[in-house]
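The chain below stands alone, shown as structure tokens; this is the form predicted on its own.
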């Protein structure tokens, strides 16, 4: 099965490695920055192209992997769907729910498969916490607190600093934890967010705190920051009637953080010191779905719901009021 990967900097390099390791053929690597595409091809193979839309249309491509900035996701999803290709799209699905719905309509019309990369569902430590909760090891869950933070993403294009494009840490980064909370505890009832967003200061800072009441009564607090001077950290605390689960990435016996550089990136990508990376696991899940062996852990509707939650958080931060979901 031949894959065309579009977007060769930052997270694109992580996905290229996962594609190869899960047994698919990286046939094409495309990026408007030719040097980035050539560097990726040197390490993982693939014909170099600078036109992502042309890569989507190639007859020898079966799957398109979209690893470009968020505002371009809808464009490439629709182009790949029109060309009859199955699609892997890095999260967030699109920048708005309306864009997501438009892209999904094109996918459904073309009768192709779409997988959105909410990779935290595949991190082994988060799956272990989910399993412990489901097994009743902490009794009835009542409160969850998650923290995810690192440096402010850098890069030549600095699209992360344009909040209209990226949505900042609330939309681009915290969407991982918003999705995971819903994955574990069910649907949210309402969301409240406070955020400090300073993208264009000499020392850019972005800090956000979301509080959600879930329909089952669980209260969840999610904190995200792009204000660290260096590094990346993830923490979780889940409290129930019979106990508590705690996780801190700094307590791991080996702390792995990949610094991705290149045009539009300069970001920290969290990884795990395990034989199979979570990124490889999500690609194996996607490949199994393509082969008819399993249903995917993430559906397009899950991805749209995550975008809706992140959009609602930003709306709450702007209006200083809770938003019903």
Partner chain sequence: MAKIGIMSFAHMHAYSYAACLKELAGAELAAVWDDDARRGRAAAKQFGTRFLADMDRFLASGLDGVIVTSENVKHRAMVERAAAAGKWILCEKPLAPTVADAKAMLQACKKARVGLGTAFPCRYSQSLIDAREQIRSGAFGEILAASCTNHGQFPGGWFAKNELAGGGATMDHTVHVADVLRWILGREFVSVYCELGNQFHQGAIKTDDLGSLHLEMEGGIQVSHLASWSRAKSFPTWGDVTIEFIGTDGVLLVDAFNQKLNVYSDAAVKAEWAYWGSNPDLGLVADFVRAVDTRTEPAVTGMDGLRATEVTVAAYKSARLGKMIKI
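Positions refer to the first chain, counted from 1. No experiment lies behind these values; they were computed from the predicted model shown.
In what follows, reference is made to the form predicted in complex with the partner chain, a form of this protein that is not presented.
Out of 99-107, 192-200, 164-172, 128-136, where are the residues with a heavy atom within 4.5 Å of the partner chain in the predicted bound form? Stretch with heavy atoms near the partner: 192-200.
Looking at 182, 213, 113, 82 here, can you tell me which has any non-hydrogen atom within 4.5 angstroms of the partner chain in the predicted bound form? In short, 213.
Contact residue in the predicted bound form, chosen from 151, 75, 158, 239 - any heavy atom within 4.5 Å of the partner chain: Partner contact (heavy atom, 4.5 Å) among the options: 239.
Any non-hydrogen atom of residue 205 within 4.5 angstroms of the partner chain in the predicted bound form: Yes, contact at 4.5 Å.
Is residue 244 near the partner chain? Define near as a heavy atom within 4.5 Å, in the predicted bound form. Result yes; residue 244 sits at the interface with the partner chain in the predicted bound form.
With heavy atoms only and a cut-off of 4.5 Å, decide whether residue 209 touches the partner chain in the predicted bound form. Flag for residue 209 set to yes.
Looking at the partner-bound form in the predicted bound form, is residue 124 within 4.5 Å of the partner chain by any heavy atom? Residue 124: no, not in contact with the partner chain in the predicted bound form.
Residue by residue through 286-325, which ones have a non-hydrogen atom no more than 4.5 angstroms from the partner chain in the predicted bound form? 320, 322 sit within 4.5 Å of the partner.
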